[in-house]
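Read the single chain below, which is given as C-alpha cells and is the form predicted on its own.
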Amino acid sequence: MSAGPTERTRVHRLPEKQVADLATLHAVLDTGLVAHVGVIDAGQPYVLPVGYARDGEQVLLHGSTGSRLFRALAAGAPTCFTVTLLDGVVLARSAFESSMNYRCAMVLGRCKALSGADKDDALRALSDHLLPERWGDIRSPSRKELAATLVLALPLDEWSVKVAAGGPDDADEDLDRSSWAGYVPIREVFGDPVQTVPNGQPLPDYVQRWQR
C-alpha cells in the first residue's frame, strides 16, 4: 500500500500546493508519457527521460541492458522519478509573480528488475499506456530482444504531488498597473498520422481514437 508523502517529500516552497491524494498521483502518472529518472553513478548525477507506465501501485520502466541508468537502477541504486505536466503559463503584473500552471509527481525509491511472466506483463502494460490498443497488432518481442531489455518496477511507496492552477497572485501594489494579467492554457495534442512505409493498410481505428 502506498505510504504517500513523507518528510523527505514534503513540499517546503509553497506547501499549500502539495496534494496528498493518491487519486491525484494516479491521474498525473496516467496522463504523462515521459518521466525523468535520476541516479548517481561514480559520484556523478545523471537525469534521463524515460517512457513509463503505471501498473497499480508501481511504475514500470524499460530500457537497454547496455544503459548505464538502467544497469544502476537494476542493481538497486536509489532513484528520484518525476513526471511534470505543463498546463499553462501565468502572466502576472510583475516578473516575480509570473509563473506556470503544472501538475508534478515525484517518487523516491529503488527499482526491482522483472523477469519471466512479470516482465512479459510489464511490457504489455507499457505498450498499452504509450501505444493504446497496439499490442495485438504488432509482433511480440523475440527472445533476443527480451534479453537485451531491462524492465524495472518502482513502487509508489514514497511520493509527492504538487499542483499549481489558476491566475496570478499579484502583490497589492501591482493591482493598479495597466498590464494584462491572467493565464494561457497549454494543451498537448496528437497530430495527423504520417505513414512512412506505404503497404496499403488503412490507418487503424485505435490510432484515430488517440487523444491527449
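Because the structure is a prediction, the values reported are computed rather than measured. So that there is no doubt, residue numbering starts at 1 and follows the sequence shown.
This protein has a second form, the form predicted in complex with another copy of the chain, left out of what is shown; the following refers to that one.
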Within 4.5 Å of another copy of the chain in the predicted complex, all of 84, 130 and 199 (non-hydrogen atom): yes
Another copy of the chain: the contacting residue among 28, 156, 39, 60 in the predicted complex [heavy atom, 4.5 Å]: 39
The unique member of 125, 113, 72, 108 whose heavy atoms fall within 4.5 Å of another copy of the chain in the predicted complex: 108
In the predicted complex, residue 21 touching another copy of the chain (heavy atom, 4.5 Å): no
Another copy of the chain contact at residue 119 in the predicted complex, heavy atom, 4.5 Å: no
4.5 Å heavy atom contact, residue 164 and another copy of the chain in the predicted complex: no
Residue 8: touches another copy of the chain in the predicted complex, heavy atom cutoff 4.5 angstroms: yes
Another copy of the chain in the predicted complex - contacting residues of 180-212, heavy atom within 4.5 Å: 180, 181, 182, 183, 184, 185, 186, 187, 188, 189, 190, 191, 192, 193, 194, 195, 196, 197, 199, 201, 202, 203, 204, 207, 210
